[in-house]
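Below, in structure tokens: the form predicted on its own, a single chain.
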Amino acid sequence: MDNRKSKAIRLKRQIPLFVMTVPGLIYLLVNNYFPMIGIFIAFKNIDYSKGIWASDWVGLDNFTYLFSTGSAWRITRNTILYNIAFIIIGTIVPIAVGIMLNDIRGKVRPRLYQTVILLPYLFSWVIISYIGFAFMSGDSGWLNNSLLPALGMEPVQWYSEPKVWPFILTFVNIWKGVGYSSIVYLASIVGIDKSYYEAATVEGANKRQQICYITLPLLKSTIVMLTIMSVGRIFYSDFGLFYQVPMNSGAIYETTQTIDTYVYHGLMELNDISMSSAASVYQSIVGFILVMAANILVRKVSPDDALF
């Protein structure tokens, strides 16, 4: 009887916590789970005269056509390679920036540098796309009118040159996101016990050795967690980055089109809702497999760092 009473008391105390989770659960249901009902669209040939529910079932025909066109391989290649580059560079650079921010002394300078580095993260992709246009415009851009002539080089039509865009998009993505990621790593670095560094200094360890043997090993859990989350989204691309920054230029689709922009074009320009849905289902399934595989691999190597 006492055991039941104690359980009832604990449950009563936890009711406010359960109530606090309700808005988040509602958001997840409405934003993440209810839309999954639309998966069946990928297996239909949508005819608006018949309606979505009454349209003909075509099985895997949409997926067959998607892979037979060659578009699937191009957009898959672009999505994967870009995200691999983003994961690698987007891990190394923020860690380096976080370590440097941790070494800044004073009351004003650390906050100033953190604010300046974080500022691009707060810009929308529309603003960043026009900043990029101010640099790369063929007629009035700063690169063609100031920098390249000063270096004795010919102007470049940036929005018609597919080969340069992997470097441009990688740079823009890192520049925009490094502020947020570095602050995440900085928070972990600040939490490291200072006695480790003091002992290392007494033993004669220099700054590089302290980073290699103290900072990086103690950041392992944070690095692994963020990397697994990034791997889970390796089949997803930032729509604003790949659509807004290249200004939706068709001449550079070869190196800028990803699964997300392909789905958008299928919906808005071709009005092919079935094909777009098939591409989205393909994207979701492969993304799920990747995150599960990454977590299994981490759990075998370091069980304490796995997500589940």
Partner chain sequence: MIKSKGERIYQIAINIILTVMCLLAVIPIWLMFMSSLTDNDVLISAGYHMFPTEFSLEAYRYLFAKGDEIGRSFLISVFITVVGTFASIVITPLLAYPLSRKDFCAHNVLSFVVFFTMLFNGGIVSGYIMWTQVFHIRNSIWALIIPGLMMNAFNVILMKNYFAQNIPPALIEAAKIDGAGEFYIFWKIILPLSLPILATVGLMVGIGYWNDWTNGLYYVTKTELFSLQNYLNRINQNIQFLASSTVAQSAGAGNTTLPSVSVRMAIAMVGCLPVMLLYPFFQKYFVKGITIGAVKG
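Residue numbers count along the first chain shown, from 1. Heads up, when I say rigid core I mean the largest set of C-alphas that superpose within 1.5 Å between the two forms. If you're wondering where the values come from, they're calculated on a predicted model, not measured in any experiment.
The same protein also has a form predicted in complex with its partner chain, omitted here; what follows describes it.
Thr222 is the sole member of Thr76, Thr170, Thr91, Thr222 with a non-hydrogen atom within 4.5 Å of its partner chain in the model of the complex.
For the candidate set Ile84, Leu118, Leu148, Cys212, a heavy atom within 4.5 Å of its partner chain in the model of the complex is found for exactly one residue, namely Leu118.
When its partner chain is considered in the model of the complex, Gly152 lies well away from it, no heavy atom lying within 4.5 Å. Residue contact check for Ala134: one or more of its heavy atoms lie within 4.5 Å of its partner chain in the model of the complex. Within this chain, Leu25 lines the site of its partner chain in the model of the complex, having a heavy atom no more than 4.5 Å away. By the criterion of a heavy atom within 4.5 Å, Ile192 is counted among the residues contacting its partner chain in the model of the complex.
Along 165 to 188, residues Phe171, Trp175, Val178, Tyr180, Ile183, Val184, Leu186, Ala187, Ser188 each place a heavy atom within 4.5 Å of its partner chain in the model of the complex. The rigid-core alignment places the CA of Ala251 less than 2 Å apart between this form and the one not shown. Core-superposed comparison between this form and the one not shown: CA of Met275 displaced by 2 Å or more.
For Tyr27, the Cα coordinates differ by 2 angstroms or more between this form and the one not shown after the core has been superposed. Look at Leu17 and Gly191: in the model of the complex their Cα atoms come 3 Å or more closer than in this form.
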